[in-house]
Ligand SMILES: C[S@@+](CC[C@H](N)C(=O)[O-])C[C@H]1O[C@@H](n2cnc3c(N)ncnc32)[C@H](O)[C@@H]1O
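Let's start with one chain on its own, the form predicted alone, as structure tokens.
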């Protein structure tokens, strides 16, 4: 079996994220995780949120590690990863009532971020919830000097990466019937932004 990849950061931030998801996904039944990474969050959250069927996904290169976590967990409500690249993948409409993603928006191009919101808007049921974890800018400002430095380091690696203004994400959301309802302050100068799909 493939060794399970491990992220100390994912281990640390899992508990505070779970506290938010317990509330935001309380009445949901089918969750899609965009960018499952190592697979650690998926196992933790599926184990704690037993009312949810948790669908992992990521680009293909990360699938072996995610599958190793899924298999070793033995959780019946945790599904092996879908092949998903937000720029190219389409998903069935109105399939999930919850979508979660962590630390993805700042490593994607801004066009890919918009594609992610389009994908979420398509696959979410009316009234469904999208929770996005990571660092954000507000009013053009960073909430900590460490995030300003992180943003600069991202841009140095790839000028298409960077910490996104929450206002830009809200605009993307509105374009796909997603309206932000909450913004939770999290440890390490991060946030969870929560959008709900409008009912029409």
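Numbering follows the first chain given and starts at 1. Computed from a prediction, not measured in an experiment: that's the story for all the values here.
We do not show the form predicted together with the ligand, though everything after this point is about it.
Judged by heavy atoms within 4.5 Å of the ligand in the predicted bound form, the contact stretch among the candidates 53-61, 167-175, 139-147, 22-30 is 53-61.
Remark: none of the three candidate residues (95, 182 and 197) comes within 4.5 Å of the ligand in the predicted bound form, counting heavy atoms only. Taking 77, 73, 122, 104 one by one, only a single residue has any non-hydrogen atom within 4.5 Å of the ligand in the predicted bound form, and it is 104. The ligand in the predicted bound form is approached by residue 37, whose closest heavy atom lies within 4.5 angstroms of it. Taking non-hydrogen atoms only, residue 10 approaches the ligand to within 4.5 angstroms in the predicted bound form. In the predicted bound form, no heavy atom of residue 91 sits within 4.5 Å of the ligand. The ligand is not drawn, but in the predicted bound form it has no heavy atom within 4.5 Å of residue 118. Of the residues in 85-102, those that come within 4.5 Å of the ligand in the predicted bound form through at least one heavy atom are, in sequence order, 85, 86, 87, 102.
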